[in-house]
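In structure tokens, the next block holds one chain alone, the form predicted on its own.
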């Protein structure tokens, strides 16, 4: 399989994620077969796509004159067999049910040629243990984020048998349609973003169950702290800004594990912005230079969020 030979995409499942992923590919110029067992789901999917495109026109992400062409490139169908025989790449986006996914991949294994890339949009399942297909080197995870037509990230996750060629094609394909693909170095349940999100969710439920703060108070606290910092500092670089020596002491004082990775950085004097090297390498810039640039970005973000009334509930 070569990247320039991928012209037609099959998206299996027209629900929350599937229809929107089909929309992204069609907007990028691909012919897309959108397959679902339920015709009503397909009809609803096409209506949602029309609505999504109208919104994107409002924000100048799509030209109004392009809408009809984009819609014409999406071919809704309930016939998986026919669609599978015409496609150049498959993206499975059915419900997060092992049995359902196993059945879908069983059919794809029967209907598709053996060199077609089979990608799953699973958000946490080890699809490599679920799907049984011939030529497993073509099996890969493309994990998109909701809503796919707005959120840039797509996580690419390989199994032990996934070929490097499939990973390269996946990366270049997603990059070509304007996405920010991330190739995980190894498989881990829930991947990167959902693993972090699950940790946040666990903390939120603990706070709610113990009655420490209300839902509104928790969201207010996050919006007025992490919400301002995350777009610029992420979660790792913020540790550099705090100081890895300080982070290490905090973890020890809270009774956390003695993190070897963190201890070694502190031992080697890699403390973050204050030493121009931590998890990030700041190329000899002074702490003042680094933090001044950070603070200017934070102030711009804070002003923008206030203008948008973003600290109030939606």
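Residue numbers count along the first chain shown, from 1. Quick caveat: nothing in here was measured; it's all calculated off a predicted structure.
One more form of this protein should be noted, the form predicted in complex with a small molecule, which is absent from this view; the next part is about it.
Just one of 177, 130, 100, 193 has a heavy atom within 4.5 Å of the small molecule in the predicted bound form. Which one? That would be 100.
Could you spot which one of 156, 104, 118, 169 gets a heavy atom to within 4.5 Å of the small molecule in the predicted bound form? So the residue touching the small molecule in the predicted bound form, by this definition, is 104.
Exercise. Can you say which of 279-287, 247-255, 65-73, 34-42 gets within 4.5 Å of the small molecule in the predicted bound form, counting heavy atoms only?
Worked result: Correct option: 34-42.
Residue 96: touches the small molecule in the predicted bound form, heavy atom cutoff 4.5 angstroms:
Residue 96 belongs to the contact set for the small molecule.
task = Please run the contact check for residue 12 against the small molecule in the predicted bound form: heavy atoms, 4.5 angstroms, yes or no?
result = Contact with the small molecule, yes.
In the predicted bound form, residue 138 touching the small molecule (heavy atom, 4.5 Å)
Contact with the small molecule, no.
Notebook entry, point to check: Might residue 17 be said to contact the small molecule in the predicted bound form, defining contact as any heavy atom within 4.5 Å?
Noted result: Answer yes; at least one heavy atom of residue 17 falls within 4.5 Å of the small molecule in the predicted bound form.
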